[in-house]
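First, one chain by itself: the form predicted on its own, in C-alpha cells.
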C-alpha cells in the first residue's frame, strides 16, 4: 500500500494550485495528485502552449495575482496575462452607470485575463521540483474513511493501487461524482440561464477596459483578452434563447450583440467558436468531514456575473495550505476536524460574502425579480458617487475583500 500525507483528486487549476501552495507552505508534506485526463508533467509551457482565438480564459483578481506572486508563479503567467485596468458597469437603456479604475486604488490593474491552458501548463510545470507525485490518467474508484485519514482505491488502466492518506482533498469540479458518493450534497439554485462564451473582436482597441452591461435577459461581460482588439465575452442568456445564440450565423450573432451592448467599442467585427454552460449557485453547507475536504467548484460554484468563482476558490486553497502547514508543525493529524475547523471558519465567511455579492447582483438586475429600473439607476449612481461604497465594491471585484491582505504591498 502506498502512502502520502495529502491526496488531491483533480489536477486542474484548483487541485494544482493547492499542490503548489502546499509545496510552498509545507514542503515537508508528501502530496499525490490524481487526475483523470492525461497530463504531460514534463511539458515546458512555452513550447507546448498554442495561443488560440477560441481559448477559454479566467479573470484573476488583483488579490489572486498577489497569491501567485507569493507562490512564485506570477512571473511565468504575466507574459500572457491581459491587464484589466478599468471596468465600466451599466444598465442597458438606463442612465445609471459606474466606473472602477485601478489607478484610484494605487494598483496597476484591477485584475488580469489569463487563458486556462496557459495557467494550467504553468501550474504543472511549477510543480516539477516539488514533492508532488502525479497519478494520471487515473481515477478514484473507492474511498473508505478511516481513523487518521482515508483509504483510497486509484485505478490506472487495468490496475488498481491502494493509497492511504492523512487527508483526502476533493477538487474535481462542480459535477464531482466523488462528492456525491461520499455523501456530500450541494444545495443548488438554478438561475434558469446559460453563459454563452466566445472571443470577439471590436473595431477599437480595448486599452485594458472591461465592461459589465446588464440587459433584460442577463449581464453581458466583455473582458480584454490578448491582442489589442480582442475581448473574452460572457453573455448570460435565458435557457430558451441560448440555442439561438449558439446557432446564429456570425453576422446575426454580432448584430444582436451590437444591439444590446452598443457602440462604445465600435463595431463588433468577428466572433470565435461559441460554447455555453448552465448557470446555478451551488454550495455544500458542510464541505469537510474527518479525513475529507471539498475545495473549489466541488464545494461552491457561483454565477459568473462578478467573475469571483476561481478567485474565491484560490483564497480558500491558500488558507487550507496554511492551516495544514501549521498542523504539520504541531504534529497534529491533517484530517482531524480540529485541524480543518479554523480553515472552514475563515473561508466560509469569505464564501458567504462573495455569494451574497454575486447572487445579489444577479437578483438586483434580473428582469423577473430585480429592483425597479429607476432604483437600479439610483444604486449605480450612488455607487459611483459614494467613495466608501465604491471602495468596498472595488475591493470585492479585485478579490481583496473588506480587510487589508497580508500580501498587499504598501
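Positions refer to the first chain, counted from 1. Remember, predicted model here, so these are calculated numbers, not experimental data.
What comes next is about the form predicted together with a small molecule, which is not displayed.
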Note to self: Can you work out which of 224, 307, 287, 316 has a heavy atom no more than 4.5 Å from the small molecule in the model of the complex?
What the structure shows: 307
Check: Pick from 257, 100, 138, 320: which has a non-hydrogen atom within 4.5 Å of the small molecule in the model of the complex?
Finding: 138
Margin query: If contact means a heavy atom within 4.5 Å, which one of 294-302, 211-219, 259-267, 324-332 is the stretch that engages the small molecule in the model of the complex?
Written below: 294-302
Note to self: I'd like to know whether residue 185 contacts the small molecule in the model of the complex, with contact meaning heavy atoms within 4.5 angstroms.
What the structure shows: no
Margin query: Considering non-hydrogen atoms and a 4.5 Å limit, does the small molecule approach residue 56 in the model of the complex?
Written below: yes
Checklist line | Partner proximity in the model of the complex: residue 175 to the small molecule, non-hydrogen atom cutoff 4.5 Å | finding: yes
Next item on the list: Look up in the model of the complex whether residue 43 has a non-hydrogen atom within 4.5 angstroms of the small molecule, and give yes or no.
Entry: no
Notebook entry, point to check: Looking in the model of the complex, is the small molecule within 4.5 Å of a heavy atom from each of 191, 236 and 354?
Noted result: no
